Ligand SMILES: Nc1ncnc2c1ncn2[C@@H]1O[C@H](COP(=O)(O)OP(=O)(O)OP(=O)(O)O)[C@@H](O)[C@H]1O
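Encoded as C-alpha cells, the following chain is the form predicted on its own, with no partner shown.
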C-alpha cells in the first residue's frame, strides 16, 4: 500500500532581504484556508525568526530532533513542534544559535521526510547562503520557490543561482517576482528580468502587497493571509498565493 506523503516546499532566494520568511508564513496561511495541515521548518539556523514572527515561545527546536537522530532515539516529529493553531505547527531554528553548528546535515533529509509523512504541506524557510544545510534542503524538497525582487544585484545573483540549478538538473523550481518587497524600485521591465535570468517568471506578487504596518502583524503574531479582509484588500495577491498553493498540491515535481 502506498504511504500518503505531503508536499515539501523550500522558499529560497539568492540574497537576503527578499521576503522569504514573510512569504513562507503567508503561504502557510493559504494552505490553512485550503484545510491542509502545515509544518513550517525554520532552517535559517543562525538567525531564523519564524517563531518570533509568530510570537511563539518554544521548548524544542531543530537541534533537539537532530541530536535525537544522531543517537537514534528520535520520537514522533510532533514531539518537537510548537503549535500555532489548529492547522499550522512550527519546527523552529535553534533557540541557542551556538547549537546551529552542531546540527548534522546528514539528518536534513530524514527530518523533511518524517515531516512529509505527518503533514499535508511542509514549508521550509532557510538562509540564502548555499551552505551544506541549504543544499541538503534543496536536494530533498519536492518544490523550490525562488524569490527575486526588481533589484540589479538580486537579479544578477538569481541568474547565477538558476544557472547552477539547471547545471545540476533541478527541474522542480518556480520563480516568484516579489514586487511588494521594494515597491518603489522598478529598475527593469518584466521582459528584461526574464531575459537576464534566462527563465520565465512563474508568479508575481504586486506592489499592493507592500505592508506599511507589517510590524503590527509581527507584534501580535498574526498571519496576514488569515486576516478575514486579506482576500478583499489584496485580491490580486490572494489569487497569486492561491494559484501557487494549488499548483503545488496538484503538480508533479518532475514535470
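What you see is a predicted model, and the numbers here were worked out from it, not measured in a lab. Residue numbers count along the first chain shown, from 1.
Note that the form predicted in complex with the named molecule isn't included here; everything after this is about it.
When contacts are judged by a 4.5 Å heavy atom cut-off, residue 188 does not count as touching the named molecule in the predicted complex. At the 4.5 Å threshold, heavy atoms of residue 44 reach the named molecule in the predicted complex. Contact between residue 214 and the named molecule in the predicted complex is found at the 4.5 Å heavy atom cutoff.
The named molecule in the predicted complex comes within 4.5 Å of no heavy atom belonging to residue 159. Proximity to the named molecule in the predicted complex, taken as a non-hydrogen atom within 4.5 angstroms, holds for one residue of 69, 51, 226, 218, which is 218. Contact with the named molecule in the predicted complex, judged as any non-hydrogen atom within 4.5 angstroms, is confined among 27-35, 188-196, 54-62, 202-210 to 202-210. Contacts to the named molecule in the predicted complex (heavy atom within 4.5 Å) from stretch 166-194: 180, 181.
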